[in-house]
Structures are given as C-alpha cells and as structure tokens.
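Both blocks below hold the same protein chain, though in two forms, and each is given as structure tokens: structure 1 and structure 2.
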Structure 1
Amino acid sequence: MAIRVVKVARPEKMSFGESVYLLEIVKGLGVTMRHFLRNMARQENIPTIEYPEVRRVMPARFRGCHRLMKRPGGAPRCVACYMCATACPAKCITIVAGESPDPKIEKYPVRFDIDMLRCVFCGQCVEACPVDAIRMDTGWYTMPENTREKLIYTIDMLLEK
C-alpha cells in the first residue's frame, strides 16, 4: 500500500473568545464540576473496581493460573510425560516422575512444581499436554505473596484448584 499524506483538519485560528482564555476556563470548570457532582450523586456509577473485595469477572477464555486435572478416583491425570516441561519457554515446570501404583498407567508425577514467578502465561504447557492434564482456566492470575517460596506452586496446590 502506498504511503499517503493525511491532512488532519485543525481549527484555523483561535477565535477572540478562545484566545482570551477566561471564558474557556469557566467552561472547563463547568465540565469538571459536572463530573464531580455526577459522581457524588451516583457513587455506584464510578467504574472503579474495589479490588481485594470485588474482583473483575474475567472473560471465559482468559489464560490464568494453572490447575492439574484429576482422574475419577482422585489421582492426578498427569502421566509425567515431560511434554509440558519441554514445551515451556520459561523452563519453569519441574517434574519428578514415579512408578504408578495403577498397573494400567506407567508413571505419575511425584513432584510437579510450577515457578509462577518465571511463568510467562504463554499456554504452551496446555497445548503440549497429550492427556489434557493441565489447564489454565482458573480465571485468575497469580496472587501476590510475601516470599518467593510461596509462589512455587506444588502439585497439591495445583490439584486443589
């Protein structure tokens, strides 16, 4: 596409009333006062979300914190295949596999940690998982914590979500 020069229409010159400035100030004061009075009168119309008490409802496909799915028996669905850890661009998933007690299943994760401080919420882990064991549909992002350790989510935390 060729580059074209777009002429933006600007007011030619300030009219006398505008260049005196005082009248325009009074108009501006009127605008701010209107906002002030409207917000005083109807506080519920202020768009602020009072965060810790009220949470914004995230759209359905919002990519939030991870959770691990369970089998009907309550065991993790994850088969410790390392697909997600391999796909992860931030290298923040740590898996330690163990032999599953269930003869039909080969392995299960003994440890499954996600370092939420390094996670970039790209969703590659979800894409990579062959058994749909990991999802990012909790609808919320990482909660603030006061130590780094608390932000390494372990398998118990991930299964609970």
Structure 2
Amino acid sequence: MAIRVVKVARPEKMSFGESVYLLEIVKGLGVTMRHFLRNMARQENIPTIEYPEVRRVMPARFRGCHRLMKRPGGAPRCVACYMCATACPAKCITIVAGESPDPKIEKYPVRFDIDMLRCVFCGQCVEACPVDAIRMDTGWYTMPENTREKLIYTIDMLLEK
C-alpha cells in the first residue's frame, strides 16, 4: 500500500496592514473622491439622466415591447399558427385559437398572452411570424408594475399599442 503525499497550497502570511485592508480602503476612497470632485467641477458630464423628464434616446435596433398588428377592419392580423409560441425560447407566449367568423380567415387568436416576466426580448417571435402580426418596434420599455398579473399582456393590450 503506497502512501500518497498531498501538497496543500497555503497563502503567505499577511502583515497587519494587509490583513485589515487599510491600503485597499484608502485606494477605494481615492477613486470615489476623484469621481465626486470631477462631477462637482463639470456637472454637464454627469452620466445621470433625470428619467421622467428626460428620456434616453434609443438606438435604431432597440427591441421594445411587443405589439400586435391589425387588419384594415380592426381585427388582429394574427392567424393563430403558433409559430411565434414555438420559436420563443422562454415559452412566454400563450395562444388559444378559435374559428374566425370571417370566411376568408380560417383561425384567429381568441387569447394571445405574453408573460413579460419570462420574455427575454430576443425577437425570435417577430422573425418566426409568417404574416407580420407581431412586432417589437414600439420603443417602449416594460413598465414596472406592482403585481405579476399586470405584466401578462393580453391581446387587448397588445393591439392598443
């Protein structure tokens, strides 16, 4: 039976100054004071935005909240093909299809919900839609809400955006 020798790497013993992290605390305070004094001298360069009054300019490729497109008659353009729900990696889209009263349209969504708490804003649903019924070009953020139920966007909410 062979005896195995295991070497354990132990850190070097720290001095008292290193063990209380005094030098690191002073470095951190130096960085904080440098930013504070620079912002006090030149306030126009402060990166803070006064949010409700001033809104950040969104880039052209920003994916905003979802919206459903309407037909000329006001009905949703969606044909309930489930392509967007299938393509969604987060599985946040729920569709319930029904028979359309219009003879030209086979199906329409009776229920179309998007759970914004699960959505990862990847845009796969927009790419998968064959009739261009769902878009993410609103430029809106998902607004903060105080209950989970308010962050499940229904077909009515998606059509009015």
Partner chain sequence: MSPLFDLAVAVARIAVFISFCLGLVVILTWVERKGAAYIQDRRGPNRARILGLTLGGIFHPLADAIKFLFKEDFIPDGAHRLFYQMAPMFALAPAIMTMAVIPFGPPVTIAGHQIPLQIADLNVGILYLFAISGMTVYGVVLAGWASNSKYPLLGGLRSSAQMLSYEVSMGLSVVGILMVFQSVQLSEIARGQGELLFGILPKWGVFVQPLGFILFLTALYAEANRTPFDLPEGESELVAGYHTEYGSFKFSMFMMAEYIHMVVGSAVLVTLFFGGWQFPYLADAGFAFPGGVSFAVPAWAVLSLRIGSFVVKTVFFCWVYVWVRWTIPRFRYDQVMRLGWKVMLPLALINIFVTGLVLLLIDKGI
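By rigid core we mean the largest C-alpha set that fits within 1.5 Å across both forms. All residue numbers here follow the sequence of structure 1, with the first residue given the number 1. Predicted, not measured: the structure shown is a model, and the values here were computed from it.
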Eyeball the pair and call it: which is the form predicted alone?
-> 2
Residue 11 C-alpha shift between structure 1 and structure 2 of 2 Å or more, rigid core reference = yes
Using a superposition on the rigid core, decide whether the Cα position of residue 46 changes by 2 angstroms or more between structure 1 and structure 2.
-> yes
Is it true that residue 22 shifts between structure 1 and structure 2 by 2 Å or more at the Cα, once the core is aligned?
-> yes
